[in-house]
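Next up is one chain by itself, shown in structure tokens, the form predicted on its own.
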């Protein structure tokens, strides 16, 4: 694929990555090396231009480098595995509430037929819409600026559910009602006391409960001195899963 004006491009310089939109006048200068708009337009992805490589960004690149954040996002290391564990099929309708900056919505959107997402905070809601519009994402997402507790939703209408709110135990009965039998709901929480309280409430509504966290450690890619980076993003969230019991 050749890059054209208006495309987003991932520019890689050694171990650093930059996401830029190809508009006239765009340039990037790193340690005395510069790449310009006219250097990239018409080139194929994967090419080396001076000291830079140019690629089409993945969804992970867009979320980490491009999304504006008004609140903490669900990190891709958690988000993609959560989506896999939810067992989403291309025919499924997925429920999400606690939209935040819209990162998890974008991941779910890639897998499902339809995503319904609820966000009570108007500032977060509007920011999520801007993130999706900016990158042409979430065409199959129905977004609602309201608290899920007050929303009217038909029972047994969702094939999977993802929850990212401070007190998820308050929503369990309603989630149980709108989720189809045997289907999976996932929750993310930052602290162990929240997880304990959620688990104590889940047992009346869900079975096959699971709790875990995902630790991801990157390595320096020098083949003669292969070793991990000195710092890592370790704990980001605890992830809780359960299947709707009847």
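Positions refer to the first chain, counted from 1. As the structure is a prediction and not an experimental result, all values here were calculated from the model.
The next section is about a form of this same protein that is not shown, the form predicted together with a further copy of the same chain.
Mapping the unseen interface onto this chain, residue 130 falls outside it, with no heavy atom inside 4.5 Å of a further copy of the same chain in the predicted complex. A residue is said to contact a partner when one of its heavy atoms sits within 4.5 Å of a partner heavy atom; residue 227 meets this definition for a further copy of the same chain in the predicted complex.
Heavy atoms of residue 88 reach within 4.5 Å of a further copy of the same chain in the predicted complex, making it an interface residue. Looking at residue 21, you'd find every heavy atom of it more than 4.5 angstroms from a further copy of the same chain in the predicted complex.
Of the candidates 36, 177, 218, 69, 218 is the one whose heavy atoms come within 4.5 Å of a further copy of the same chain in the predicted complex; the others do not. Residues are counted as partner-facing when one of their heavy atoms sits within 4.5 Å of a further copy of the same chain in the predicted complex; in 201-225 these are 203, 207, 208, 209, 210, 211, 212, 213, 214, 215, 216, 217, 218, 219, 221, 223, 224, 225, in sequence order.
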